[in-house]
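First, one chain by itself in structure tokens, the form predicted on its own.
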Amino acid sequence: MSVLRPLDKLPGLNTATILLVGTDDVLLQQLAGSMLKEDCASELKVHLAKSLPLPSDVNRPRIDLIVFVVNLHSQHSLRNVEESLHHVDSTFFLGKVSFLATGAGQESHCSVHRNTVVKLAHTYRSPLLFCDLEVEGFRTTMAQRLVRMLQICAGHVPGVSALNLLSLLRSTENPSLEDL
């Protein structure tokens, strides 16, 4: 069990692999199912993990995109993501990591404040997406977006790289460090 690096493995031919990291198995499986239903020119592989580090496995494919899923209703979910981040090589944060916050629709039930997740994403210079994964329509839309991001991160979209995607996802509306 070691640090996860983006170039540890050779890329598979026409294959794109995403790793969803989070504590809510049911939501992750539903999101993975929605992603696999999407029309994709590449062979799409979705791997789920409760936390990092991953067990040492010689047969594990190269990971093209890591999505850390934070459930805003669970402090445990946030702590799990924070601990897992220590097992990711810094080069992954050059456009191949994203954060997904779920459960923001029921703000009265949230035990993790939105600003906490915003600060986390800002610290790691990674995009933050909000989606209520419990609603099927929202989950389907998020699956489409993640598949498109994955294709870019895997290098299957000509003329666009993971770094280009990172700069496109950074909005001018992102709060400055002083505002946080």
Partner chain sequence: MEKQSEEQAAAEPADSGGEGGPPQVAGAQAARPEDRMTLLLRLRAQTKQQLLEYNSMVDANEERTPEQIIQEKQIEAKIEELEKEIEEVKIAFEMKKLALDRMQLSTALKKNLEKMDIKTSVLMDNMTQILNLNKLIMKLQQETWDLEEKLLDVRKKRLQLKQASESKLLEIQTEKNKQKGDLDSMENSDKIKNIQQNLQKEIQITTVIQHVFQNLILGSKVNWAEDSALKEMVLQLEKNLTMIQ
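Just so you know, these numbers come straight off a predicted model, no measurement behind them. Positions refer to the first chain, counted from 1.
The following text describes the form predicted in complex with its partner chain, which does not appear among the structures shown.
Residue in contact with its partner chain in the predicted bound form (any heavy atom within 4.5 Å), chosen from 115, 111, 123, 29: 29.
At least one heavy atom of residue 154 is located within 4.5 Å of its partner chain in the predicted bound form. The closest heavy atom approach of residue 67 to its partner chain in the predicted bound form falls outside 4.5 Å. None of the heavy atoms of residue 3 is located within 4.5 Å of its partner chain in the predicted bound form.
Contact check for residue 119: every heavy atom lies farther than 4.5 Å from its partner chain in the predicted bound form.
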